[in-house]
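Form predicted on its own, single chain, as structure tokens, below.
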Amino acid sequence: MKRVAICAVAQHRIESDIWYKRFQGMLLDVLEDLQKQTGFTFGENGVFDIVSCSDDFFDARTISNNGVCDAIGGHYRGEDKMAQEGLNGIGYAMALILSGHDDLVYLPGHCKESQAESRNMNANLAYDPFYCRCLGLDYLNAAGLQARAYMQKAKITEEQLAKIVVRARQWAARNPYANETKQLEIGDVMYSPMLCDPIRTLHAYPVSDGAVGLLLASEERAYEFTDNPVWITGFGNCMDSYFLGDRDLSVSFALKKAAAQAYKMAGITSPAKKVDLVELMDCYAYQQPMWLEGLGLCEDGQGGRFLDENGPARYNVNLSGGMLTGRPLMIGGLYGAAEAVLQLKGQAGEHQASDVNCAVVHSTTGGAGQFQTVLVLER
């Protein structure tokens, strides 16, 4: 089978409110960084197709990609928008290359959550307008329902959740792109104000702005742009039922299915033995052990014990700090992919893990993890 490589990545530093720069400027910074790294150009023998990631609601305009085409090289050439969580854009770009349509694809993404009056109001619009939206249902209170169900099943305690957040901040302090790097004590988290029972303020990811870009290439062209390409060996995604009442919120059917697809494509039969590093989209602290169960790295319902046995450290989970220290919702998965690429290339600086050969990147969107995506990367 043909192979697709991620040749290089560029990340804009994440902040809670990048008021001083428009998202076009952020995207231009990312593009120029990638071109400096690789020397790629647009047009003949260069990039002719771009897969962009953005969201109409956060950009406060319809057809949000229309406002960035010039800043991402899309003027007078192919440009397709991924309006789902950004990690799915990698699957889209990979398909363009594996189909023979392209041999080089540029993948930029941006999101400024600070521009929205309320990200919860935006999330409310994802729900059915007749039965759910009028109730005020959004991603936060859907997560609250799921947190209660999962914590009871997996015997997750407040102290364990606090330790997840404290560890995330410790790693974020080593990541120059991370948003929230202030160090916390366990008590700071345990007694932070209640946000949506049982989710506390410090259990939730902070409002964040950012932009990220990746250059993907066919196996035949990858070495034109890098000496050590990172190979996409597995990809899968799956959508769970739309209405919360139709789902068992204590387990993620969609993540199990997406992970099985990705592992099968990568030829991985035992992820617990193969995976060296995980970049996980844990928007809320309870999701870290829950999603690790879905990825097959922790037994079902054993999240509490897994945390006590230092499981996240064993699999190098979110050495970048992850979502809990701030990543924009729409492109959290793309930031995870960029971090995993740096780890596999040995370029992650102060948060570099040792001997990383296989990384799993995860993302999710929709209420209570409705839509799940899994990417396997290897060097």
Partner chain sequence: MAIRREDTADCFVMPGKMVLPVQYFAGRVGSKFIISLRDDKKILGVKCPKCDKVYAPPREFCEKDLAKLDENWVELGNEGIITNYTIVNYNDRHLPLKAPYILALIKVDGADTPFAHIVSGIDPDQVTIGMRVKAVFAEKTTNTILDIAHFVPVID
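Numbering follows the first chain given and starts at 1. Being a predicted model, the structure only gives us computed values, none of them experimental.
Beyond the structure shown, there is the form predicted in complex with its partner chain, which is absent from this document and is the topic of what follows.
Colleague: For the spot marked by Y76, D102 and A258, is every residue within 4.5 Å of its partner chain in the model of the complex through some heavy atom?
Modeller: No, none of the three is in contact.
Colleague: Within 4.5 Å, heavy atoms only, one stretch in 26-34, 338-346, 46-54, 309-317 touches its partner chain in the model of the complex. Which?
Modeller: Every other range fails; the passing one is 26-34.
Colleague: Taking any heavy atom pair closer than or equal to 4.5 Å as contact, tell me whether G144 reaches its partner chain in the model of the complex.
Modeller: Yes.
Colleague: Can E117 be called a contact residue for its partner chain in the model of the complex at 4.5 Å between heavy atoms?
Modeller: Yes, contact at 4.5 Å.
Colleague: Examine L135 and determine whether its closest non-hydrogen atom to its partner chain in the model of the complex is within 4.5 angstroms.
Modeller: Answer yes; at least one heavy atom of L135 falls within 4.5 Å of its partner chain in the model of the complex.
Colleague: D300: heavy atom within 4.5 Å of its partner chain in the model of the complex?
Modeller: Because no heavy atom of D300 falls inside 4.5 Å of its partner chain in the model of the complex, the answer is no.
Colleague: From the list A149, A173, V275, A83, which entry has a heavy atom within 4.5 Å of its partner chain in the model of the complex?
Modeller: Answer to the contact question: A149.
Colleague: Within 4.5 Å, heavy atoms only, which of Q183, N228, T157, S241 is in contact with its partner chain in the model of the complex?
Modeller: Result of the distance check: S241.
Colleague: Counting only non-hydrogen atoms and a 4.5 Å cut-off, give the residues of 11-48 close to its partner chain in the model of the complex.
Modeller: Read in sequence order, the residues that approach its partner chain (within 4.5 Å, in the model of the complex) are Q11, H12, R13, E15, I18, W19, Y20, K21, D29, V30, D33.
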